[in-house]
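Okay, so we've got a single protein chain in two different forms coming up as structure tokens, structure 1 first and structure 2 after it.
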Structure 1
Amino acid sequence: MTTITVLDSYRNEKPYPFCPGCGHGPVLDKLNAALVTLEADPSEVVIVSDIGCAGLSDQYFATSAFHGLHGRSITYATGIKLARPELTVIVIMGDGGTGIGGTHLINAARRNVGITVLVLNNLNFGMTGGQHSTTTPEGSITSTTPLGNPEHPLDICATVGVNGAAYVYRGTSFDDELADQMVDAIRQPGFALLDVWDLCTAYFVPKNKIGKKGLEETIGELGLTKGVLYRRDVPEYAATYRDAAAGMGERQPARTIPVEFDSDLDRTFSVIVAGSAGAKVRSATRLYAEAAIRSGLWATLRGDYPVTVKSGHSVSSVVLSPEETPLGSVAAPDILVIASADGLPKVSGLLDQMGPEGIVVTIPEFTDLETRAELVVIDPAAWSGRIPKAQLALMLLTVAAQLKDVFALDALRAAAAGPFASGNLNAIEAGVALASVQPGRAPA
């Protein structure tokens, strides 16, 4: 049982640093009143402030606080809430922060992270000298729009509203009910935003001759409305996440491979398989490598493929060795499998480098390849069964594995067991049958 300390005031003794008449102070007073009403535990309330004059706010509260980077306050608040959903997380940011961090605003609303965002929207950048922001009304004079702002202002409320925010309110620093609205917003489980318009007496007010009345009128002139604009009963993200995670079970166990066969290999041995992306080149090579591992060898498999993994070439190379770290690197492969025209250009340079001790296993399309290595052409049509494209690489690799045997065929069969066993075993049996009809070769 923990005791909660509620405070008479969630402000500390320090006076606000704002210019005389600045609208930020009165809004913060309302936030203080809201926290008093909520009887919040100050250590369980984290005020995450943005940058600018609005960003100074956290220092005047006796709660926990985080003061981060310009426009990014929502990201820290999201992390805090996701890690500790029981905390009350309140973001205080300016209109400048909502502009530069617009993507975080939209995405936090969309996810419905249970934070409350209080925008101190004074229609300009106060701290940096009254430049225009994304919310500066069209025509307004600022230090960067001397002829009047030519840009259309951002409607913060509509932006988060259409993207799913649980609670959206627009008002001004002069609203009597503001503290109650804040209580309402903070109690809302999902993402809540209060767009509170206020006056920057140092810049926006003198340049635009605007006061309380003018501020209210501007909202109307822009076709915007005040009050609670959206209220939705939507699930909060941190809670939803935890509920979903509860059903996920245990961490995936390591998939261990038993060493149950043996191999006579006493040197580094290299195999390269080239084919089309999406045609299971990597899976076939992986299966071959796992068969080697089952036979006590050490394998490393590298892939080369375009970023679009289902089109173009796919080349996988595997290096086998009786040692954990093979000595030296391999210049030319012992086995080169060419399964399609996509793969050929990627490995054609190797054909020259390979010597007579190497073999190239390929399909009838490439009968004319020039290489000093032994060229083994396998016609899939010669097998009684069907060999789908996705099994071609494994079939050719199976042929190669018999002609240059570094491990037993049964190791390959054992490695094939698993989710795609039937397809893999089909390819392997095809490879066994087709290798056995190779002229001058003894059946495996």
Structure 2
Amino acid sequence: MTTITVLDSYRNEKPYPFCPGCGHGPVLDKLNAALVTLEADPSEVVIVSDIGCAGLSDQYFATSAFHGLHGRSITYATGIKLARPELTVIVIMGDGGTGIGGTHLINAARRNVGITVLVLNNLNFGMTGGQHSTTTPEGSITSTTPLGNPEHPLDICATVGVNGAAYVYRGTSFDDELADQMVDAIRQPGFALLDVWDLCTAYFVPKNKIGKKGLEETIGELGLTKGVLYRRDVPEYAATYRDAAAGMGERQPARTIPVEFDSDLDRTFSVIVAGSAGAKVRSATRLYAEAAIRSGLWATLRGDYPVTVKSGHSVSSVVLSPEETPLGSVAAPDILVIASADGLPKVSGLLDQMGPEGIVVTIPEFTDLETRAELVVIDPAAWSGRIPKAQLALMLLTVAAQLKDVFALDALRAAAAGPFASGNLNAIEAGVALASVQPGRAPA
């Protein structure tokens, strides 16, 4: 049986550290009243605080808490809510944090993540000297705008509202109904935000000669309104995500690769394949690695390709070993396969490092390569069938697999099974046939 703890007050006995007259304290008192009304179990409530004066808030509540980087509190809260959707997650941040973390604010709203954000909006950076923030009204005096703020302020409520927030409220720390609005916001499924304007008595009030009445007047002068501005019954993100995942059925078990063949390899052995992006260089190398695994070897892969994915180079390396071996850089591979002009510049330096015991397998375009390794030139045109560009790397790897007998070709055929088996097996059989002829094999 689960026991729920309900407190008469969620505030501890520590006095607030805020300046005399600061509006943050009354806002936190109303949050305390809201939690009492909700009869929230403190073990099921997480207050996520930002940097700044508002970021001091979490330590005064008997709940769980998380304190992170400036402007990032919403991202932390999102992670907590996704991991533990049953929790009540409340963000306390200042107007400075909403500006610094504006992208996080917008994306949490449009996703409708089920967190409640309290913005303690005192219209400046109150902790660091009273600099202007994204919500500082035009014309306001701050330490960084001594002649008056020339910037138009950010409308936090409109920003999250137009991007899909479920509940949006604007008010001030003086509003009697603020605690009730917090209750509504926390109960609302989805993303809820309360933009609570309050007074920074250390900086903004002295410089702008503003009080409660002036705060209300400023809201009106900016063409803004108070109250609940948006309320939508829209699906909450975490619930929607879990429903979608449940609809996918049970997670498929991890694929295991059986060991069906033997290998006589007694040392570390490396292969590098260099070709064109989009030409299945990585796929061919993966099949080679899987064939090694099916032969009882350890295999580690590394790929290098540009962000364009379908153009430029693609270089893959595989290191095989009879024992588990971390993948490091390959100084001089046992086998180097060069399948195109795109890949050649990326591996040309290896040609000088390879010794007579190494093999370079390539196509007629690169017959004149200079290397101490054995150069094996394979002409795809000598094959009776057609070898598409996407099968060239695997065909050349098959030739290499026969020249350096690391595992049985049947292991490679077994690895080639699957949705692309027909093309893969075609490439393998072409490689088998061309390796037996080797019309362009040049001795070292």
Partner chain sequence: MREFIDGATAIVRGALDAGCTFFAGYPITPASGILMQMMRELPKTGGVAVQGEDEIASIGMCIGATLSGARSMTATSGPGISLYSENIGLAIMGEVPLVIVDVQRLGPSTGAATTVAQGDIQFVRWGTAGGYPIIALAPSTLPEAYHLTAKAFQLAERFRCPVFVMTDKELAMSLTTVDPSSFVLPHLENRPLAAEGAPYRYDPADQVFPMHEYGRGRTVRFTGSTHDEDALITKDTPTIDALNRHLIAKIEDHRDEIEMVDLNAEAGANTLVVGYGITARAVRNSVALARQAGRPLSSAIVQSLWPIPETALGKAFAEADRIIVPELNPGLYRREIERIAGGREVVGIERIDGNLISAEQILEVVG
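Quantities reported herein were computed from a predicted structural model and do not represent experimental measurements. The term rigid core refers to the most C-alpha atoms you can superpose between the two forms while keeping them within 1.5 Å. Each residue is numbered by where it sits in the sequence of structure 1, with counting from 1.
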(request) Quick one: identify the form predicted alone, either 1 or 2. (result) 2
(message) Do A54 and R11 share a rigid part between the two structures (two-part split, each C-alpha placed by better superposition fit)?
(response) yes
(message) Let me make sure I follow: superposing on C-alpha atoms, what angle in degrees does the smaller rigid part rotate through relative to the larger between the two structures?
(response) 22
(message) Relative to the superposed core, report the C-alpha shift of A341 between the two structures in angstrom.
(response) 11.1
(request) Please state the CA displacement of G278 between the two structures in angstrom, with both forms fitted on the core. (result) 6.7
